[in-house]
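First comes one chain, alone, set out as structure tokens in the form predicted on its own.
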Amino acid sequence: MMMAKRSNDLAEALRRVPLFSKVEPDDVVAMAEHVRELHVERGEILFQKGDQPHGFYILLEGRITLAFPSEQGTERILEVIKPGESFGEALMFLGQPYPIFSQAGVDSRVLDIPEEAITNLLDKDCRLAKRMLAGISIRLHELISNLEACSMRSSAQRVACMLQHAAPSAGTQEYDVQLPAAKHIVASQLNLTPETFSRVLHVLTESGLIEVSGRVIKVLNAEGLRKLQL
């Protein structure tokens, strides 16, 4: 009875993930029998650079960061995973070791999807394959855009670009931006030091373009941010 309840709970959790929302219920239940739910404490490493993928992951609660380690002991944040998002699937298909590591930013709940379970389902449901491919493509596009922004723009332009991308709709002049993680993590994503990020926020505040309250940034003049990037 306990095993059946556990499988049903995992199946219900999978159904709430957008990736599996249109998969046949019986197929979700069958996959849930092979899925593990992991409780990852803040600061805990989920996988290290060089580990061999055995599947992929879905974040249910919390926050997971994907980062490149460095010999200097610092890290370069590649991406911050939010609840409902999957990660690690591209490398699972390639069969290559992880070039990055993943770490819980806060206490988190993660679903560990083994490769065998997902490949069996992909053989039956081509719609799922298309959704996974679309998700990987979107992530690749975002990573390329972030790389371009970090390598071709000034510090102020990178921050302005980030704030502009968070606008709820085109043409909106005032809106709030909730940073997805602590400021030092966001700074790393922009390839900035925390000190430089704080300095840029101060300059933008003094210029009347934004207001900062903790992790909430209120954009006061979106057009002014756009002009910074010209």
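The first residue of the sequence shown is number 1, and the count goes up from there. What we label the rigid core is the largest C-alpha set whose atoms superpose within 1.5 Å from one form to the other. Please read all numbers here as calculations on a predicted model, not as lab measurements.
Separately, the form predicted together with the DNA exists; it is not shown, and the next lines address it.
Exercise for the section: Would you mind picking out the stretch of 192 to 200, 53 to 61, 170 to 178, 33 to 41 that comes within 4.5 angstroms of the DNA in the predicted bound form, counting non-hydrogen atoms? Expected result: Stretch with heavy atoms near the partner: 192 to 200.
Practice task
Indicate whether the DNA has at least one heavy atom within 4.5 Å of a heavy atom of H184 in the predicted bound form.
Solution key: Taking the distances in the predicted bound form, the answer for H184 is yes, it comes within 4.5 Å of the DNA.
Exercise for the section: Would you please decide whether Q96 lies within 4.5 angstroms of the DNA in the predicted bound form, comparing each non-hydrogen atom pair? Expected result: Q96: no, not in contact with the DNA in the predicted bound form.
Exercise for the section: Answer with yes or no whether R16 is in contact with the DNA in the predicted bound form, where contact means some heavy atom within 4.5 Å. Expected result: No, R16 stays farther than 4.5 Å from the DNA in the predicted bound form.
Problem - Exercise: N120 in contact with the DNA in the predicted bound form, heavy atom 4.5 Å - result: N120 lies outside the contact set for the DNA.
Handout entry: Sequence-ordered list of residues in 210 to 226 near the DNA in the predicted bound form, where near means a heavy atom within 4.5 Å
Key = Only a single residue, R215, comes within 4.5 Å of the partner.
Problem - Core fit, then E24 C-alpha moves 2 Å or more between this form and the one not shown - result: Not so; E24 is displaced by less than 2 Å.
Exercise for the section: Determine whether the C-alpha of A13 shifts by 2 Å or more between this form and the one not shown once the rigid core is superposed. Expected result: No, because once the rigid core is superposed, the C-alpha of A13 moves less than 2 Å between this form and the one not shown.
Problem - Rigid core superposed: Q164 CA moves 2 Å or more between this form and the one not shown - result: Result for Q164: no, shift under 2 Å.
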